[in-house]
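Below sits a lone chain in structure tokens, taken as the form predicted alone.
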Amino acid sequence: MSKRNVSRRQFLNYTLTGVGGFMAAGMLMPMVRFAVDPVLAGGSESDFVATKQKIKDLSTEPTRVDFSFTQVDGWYESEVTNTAWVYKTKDGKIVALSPICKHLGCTVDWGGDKEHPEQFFCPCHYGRYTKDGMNVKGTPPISPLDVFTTKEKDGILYLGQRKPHGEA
């Protein structure tokens, strides 16, 4: 046996320190896991989402393409539907533009303005964009429409991340 005696004060101090440390660990562990777990979770296999649009059906006229994907925010999963305006250029390149106006976030429509049928039109504040998504000077938007990255697989159009015009 040990000849070292523990006083009541030391015993109480050790006991309270141990219990306090145990309680602190019990409170901190869920917070740390909550913060770290989504970071450690594996991402999706691909950043591209399949649409129902066949590449062969695209023309030089912008077509509205709706697509859905599962979005995960931490532990919450939701089904999100998004839209893009897609067309082929004369040299066969596929262009996918975001329909979100850069002025106030309204939705633009192709040919929505009778005076300018070959442009994208935002009805909120009469903003206009050319076919390639560039903002028309003298109208409210201050920057071009965002562009989706695209890829083709088995004749189907896949859309990726939305990026500012010029970065895609």
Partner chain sequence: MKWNTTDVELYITAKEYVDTALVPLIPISLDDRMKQLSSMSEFLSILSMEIEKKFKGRILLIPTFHYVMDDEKKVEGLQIWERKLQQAEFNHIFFLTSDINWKKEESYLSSSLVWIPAINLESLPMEQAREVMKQQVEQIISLFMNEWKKKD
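Quick caveat, the model's predicted, so the values are computed rather than measured. Each form is matched to the other, and the largest set of C-alpha atoms that superpose within 1.5 Å is called the rigid core. Numbering follows the first chain given and starts at 1.
Another form exists, predicted together with its partner chain; not displayed. Remarks below refer to it.
- Of the candidates Thr130, Thr63, Ser143, Ser68, Ser68 is the one whose heavy atoms come within 4.5 Å of its partner chain in the predicted bound form; the others do not.
- Contact annotation for Pro117: none of its heavy atoms lies within 4.5 Å of its partner chain in the predicted bound form.
- For His125, a non-hydrogen atom is located within 4.5 Å of its partner chain in the predicted bound form, even though that partner is not displayed.
- Interface residue remark: Glu77 is not counted as part of the site for its partner chain in the predicted bound form, having no heavy atom within 4.5 Å.
- In the predicted bound form, its partner chain sits within 4.5 Å of a heavy atom of Lys52.
- Although its partner chain is not shown here, in the predicted bound form the stretch 98-113 places heavy atoms of His103, Leu104, Gly105, Cys106, Thr107, Asp109 within 4.5 Å of it, in sequence order.
- Once the cores line up, the CA of Gly74 ends up 2 angstroms or more apart between the shown form and the other one.
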